[in-house]
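Let us start with two forms of the same protein chain, each given on its own as structure tokens and named structure 1 and structure 2.
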Structure 1
């Protein structure tokens, strides 16, 4: 059934006339650029990373290991094991970097088990030192990588589980073996592209 012509006419009149306030209001809002401080964006991203990591560590790894169902292991890809919490974060960081959106995150430490997790820049090293002293305060700033400008934020990576502590304290490659629960073990570096 074809709608009456009158409804189409009323719709056109509303859009052009009496209802124009709604359309122009919508256009004004959509035309106004929304600016979000990079610090806030980094905080948003970090809160999602942290929530996922805590849920994975406490509700999956810890519970499955405690019940004897499956353990987390360093060589999880070739074994019947879960990724360690640090490996979970590293793997998800790789997927995000591969998405092509420009945003990246990674795990770094002043006491890395593997050399590829050590700080790559002076900014990262200073940031790790800062969050080790003040874990509740991220270390932030603008950096250049090649010709591109980025905002970086480094957040303290805290041992939220005994699984993390045990792994680092017992690993053959570990340069530090005295970690305790809630100690800062390193940092999560979030890199966000910004316009020049």
Structure 2
């Protein structure tokens, strides 16, 4: 009867030891500082913004418009209209900025319909020029705003449908009227606070 008892004890010890080892390595993992590259954080934020915009456009605006319930209109605040998808992005960006967490995003262009959507800094202007040439790659870098340091990423905003082109080319305030399908029309600027 002895061997089974010994093997049993060894097994229990191994299990306990193994369990302890597992627990301590788990603790070590959770205590280790996690560093995430700001490029990756900006990519995460950008994918959420884009997903929300697409779902808002396709599943809300297009559907309500097609069924004749309510259309999207630029002057939605004073009319019975839904915000345009660009305005949806701009409005949510305002709320995010107001949250005081330091993170911001906005929609800008070198050829804006409204002057308030033009680049505010040299970095933003350079970024918009860069993504107009290479839309697949965001333009990124560190900037100072006041005394704080931030990471900024600018992603191309592309005319994915003819409606983008038609509306922008025909808008009374538009500063450019020769947009074509798949042209870069502007960019999404994402600003993330980073510790100094």
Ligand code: HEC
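C-alpha atoms forming the largest set that superposes within 1.5 Å between two forms make up the rigid core. Numbering follows the first chain given and starts at 1. If you're wondering where the values come from, they're calculated on a predicted model, not measured in any experiment.
One of the two isolated chains is the form predicted on its own, namely structure 1. Here residue 164 counts as shifted, since its C-alpha moves by at least 2 Å between the two structures after the core is aligned.
With the core held fixed, residue 173 shows a CA shift below 2 Å between the two structures. After superposition on the rigid core, the Cα atom of residue 182 is displaced by 2.5 Å between the two structures.
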